[in-house]
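Quick heads-up: it's one chain on its own, the form predicted on its own, in structure tokens.
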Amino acid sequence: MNAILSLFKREMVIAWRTRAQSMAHLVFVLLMITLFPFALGPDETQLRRLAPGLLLLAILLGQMLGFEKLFSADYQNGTLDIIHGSKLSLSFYAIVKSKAQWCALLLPIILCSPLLMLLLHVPVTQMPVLILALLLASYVIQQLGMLGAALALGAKHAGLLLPLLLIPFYIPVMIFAVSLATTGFEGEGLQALYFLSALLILYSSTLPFLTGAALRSAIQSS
């Protein structure tokens, strides 16, 4: 437990030292949401209807910018080899890295999301369910990105390979997150909540072990 906490603290310190990257992700999402009304027109009804999909798309694109670098620095400087030779499981290492990246890159965006929703004329009553949809979808996407980053580790053109690997898995997550944000906790929205929750539990319990195996394979083949 102490090793895991120390690793998480290390990752958050690194994130703070490289906070310009976190700010770049936040600015990217802010610019996307700010430009949407100019591209789609000033129709408040249309912006309100498209808001869940636009916010989820902006967050997804912002997340994908960080997946390529999730393990690459530790892979290149030998930290992964040290962790592989220590008592700390590579699966737990992957979980900590993924959670730290989510906290550093995604949490600030989600905390700012009510302001973004105001730009898209989202009613205040719809904001809580939309924030919940963003939280669930972004965390499920983070789990998938963790595995994708490990599979593409050491590969040439990983920045191109990762989207090709991950986008087919992101599509159902986006569909059900938009359904939850649009219809709320009833009917199709409730079914979407169950689906996202099931994915969250499934991925959280299986993908770290697959990620650990992929990291081990990358270390042994280097």
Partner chain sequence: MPLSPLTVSNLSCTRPSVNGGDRNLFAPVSFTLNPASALILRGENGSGKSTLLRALAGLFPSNTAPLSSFLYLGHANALHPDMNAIEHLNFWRTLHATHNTGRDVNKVANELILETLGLTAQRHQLAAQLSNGQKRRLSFGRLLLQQADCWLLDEPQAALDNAAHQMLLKLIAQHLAAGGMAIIASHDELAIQGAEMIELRAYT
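Positions refer to the first chain, counted from 1. Please read all numbers here as calculations on a predicted model, not as lab measurements.
Although not depicted, the form predicted together with the partner chain is the subject of the following passage.
For the candidate spot formed by 2, 10 and 85, every residue has a non-hydrogen atom within 4.5 angstroms of the partner chain in the model of the complex. This chain is drawn without the partner chain; in the model of the complex, the residue among 118, 73, 112, 103 with a heavy atom within 4.5 Å of it is 73.
Judged by heavy atoms within 4.5 Å of the partner chain in the model of the complex, the contact stretch among the candidates 123-131, 104-112, 138-146, 74-82 is 74-82. Shown alone here, residue 14 lies within 4.5 Å of the partner chain in the model of the complex, counting heavy atoms only. Proximity of residue 206 to the partner chain in the model of the complex falls outside the 4.5 Å heavy atom cutoff. For the stretch 39-59, the set of residues having any non-hydrogen atom within 4.5 angstroms of the partner chain in the model of the complex is empty.
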